[in-house]
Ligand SMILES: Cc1cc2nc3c(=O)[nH]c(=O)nc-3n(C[C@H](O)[C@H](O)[C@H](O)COP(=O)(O)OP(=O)(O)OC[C@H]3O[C@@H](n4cnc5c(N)ncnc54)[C@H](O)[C@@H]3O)c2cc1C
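Next comes just one chain, in C-alpha cells: the form predicted on its own.
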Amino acid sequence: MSTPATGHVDVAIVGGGMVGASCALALAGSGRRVALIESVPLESGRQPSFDERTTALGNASRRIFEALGVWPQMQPEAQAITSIHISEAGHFGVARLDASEQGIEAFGYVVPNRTIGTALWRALEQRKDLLLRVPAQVREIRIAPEAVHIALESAACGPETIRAHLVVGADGAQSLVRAASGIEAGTCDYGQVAVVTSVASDQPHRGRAFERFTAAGPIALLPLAHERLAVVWARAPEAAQALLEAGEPEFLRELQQAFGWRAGRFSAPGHRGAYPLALTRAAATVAPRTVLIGNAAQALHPVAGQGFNLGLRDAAMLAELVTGQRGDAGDAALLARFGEVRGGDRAGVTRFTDSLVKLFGDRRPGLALLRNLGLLAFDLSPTAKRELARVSAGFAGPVPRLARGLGLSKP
C-alpha cells in the first residue's frame, strides 16, 4: 500500500470494519489527511467485514455506497427485499409490508459482509492520500488538549506514533478509543446468542424477508442472491451451542420446527457461526478530540436489522461535518454539532430495537394477545406501514448528504 510518510494527520480512524472503512472512504479526497488503523488482516475470518454474516442495507445506506462509488461492486451479490412478513409463533397476529404498496422498489438489500468489506477495502487500497496501517496493534491512545497521540506497531512499519487532531473510534463494542476518552458505556445482556447461517428452500423466496418471534428467541430469514436464505436465530447460549454442534439433518429439523413451513422446506445449510447479543450504549458519542461511531457508540440486537445502517449514517454525517469545515478537525464546536445532529436518530433506533426485543421476549400472561392485536392493527394501517418503511432513512435529525445521494461540499 502506498501511504504518506508523515505520522501527523487530521483524522485517525481506529477500526477498519465496515463502518470505519466507510468513514475513511468518505473522507478520502476531502483535503484532510486521514489515517485508518485496523488490527486484523484483511479478508481474515476474525474481521467482522469478512465473516459469515449478512447485512440488510436500507435504501439510505445503498445511496451512501452509491455516492462512495462502491455499490457497483456490491450489487451483483445484493438481493432486494421486496416484502416483509412479521409473525409470532403459535399466535394469529401477522403484519405484512410490500414495497410496491409504498411506491418503492425495495425496503433494502441483503448483502454478504464479505462482499461489503471487500468492495470497501479494494477502494481504500486505491487511495494514495490515505495512511493505512493494516494490520497494526494500537499500544496506547493519549488524548491531549492539542492533539491525540496513538502509539501503534505493525509488521510493515514497526513502532510508530500517529498524531491526530481527531480520533474516531470505530473499533467495536469493546472500544479502546472509548476507554481512552473516559466515556462510560452501559451494557444490557439479552442472554442470547445469534446463530447465523444460510439455507436453501424448495420455494423461491421472491425477495421476501421474515421475522418470526418464538418463545425461545426471534428468527430472521433474509433473501439472498442465488436463491438462498440468510438465517439469524437468537437462542439461549446453551441452545445456541447445541445448534452449532448439531449435524445438518438435526439442525434443519430444529429450524423447520421453530420457523414453520411458510418459507418452504429448508435444505443445504451453510457454515454456522455465532455471536453474543447485548445492547452496549456509550453515555456520549463525543469527548475532547474524540468521536465514537458504529458499535463503539451503540451495539444493537439484530432483530430490526438497524445497527449497521445507524453506524453508516454516523460515518456519513461525521465525514460531512469534517469536510465542510476548515481548520481543526477536532474542534469542540464541530464535535458538539455531530453529537447534536446524530442524537435523535441514535436514540430512536436504539429505543425501537430494544423495545422490540423486550416486547416479544415478555412471556407474562395476556401480553401475547396484546402483541398480536397490535400486529393486526399495524397490518390494517397504511400510515403505520409508511412510517416503518421510512426507518431506513433514520428516526430523527438531518439526513446525511451522502444518504440523499449528494456529494460532500467543501468550505
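When you see a residue number, it is the position in the sequence shown, counting from 1. This structure is a prediction, so every number in the text was calculated from the model and none was measured.
Just so you know, the form predicted together with the ligand exists too; it's not on screen, but the next bit is about it.
Of the candidate stretches 200-208, 70-78, 323-331, 293-301, only 293-301 has residues whose heavy atoms lie within 4.5 Å of the ligand in the model of the complex. For F107, no non-hydrogen atom is located within 4.5 Å of the ligand in the model of the complex, even though that partner is not displayed. By the criterion of a heavy atom within 4.5 Å, S39 is counted among the residues contacting the ligand in the model of the complex. Not displayed here, the ligand is kept clear of R62 by more than 4.5 Å at the level of heavy atoms in the model of the complex.
In the model of the complex, the ligand sits within 4.5 Å of a heavy atom of G15.
None of L335, A240, I86, V196 but one reaches within 4.5 angstroms of the ligand in the model of the complex through a heavy atom, and that residue is V196. Between the options V232, A147, L124, A287, the residue in contact with the ligand in the model of the complex by a heavy atom within 4.5 angstroms is V232. If you take 300-319 and check each residue for a heavy atom within 4.5 Å of the ligand in the model of the complex, you get P302, G305, Q306, G307, F308, N309, in sequence order.
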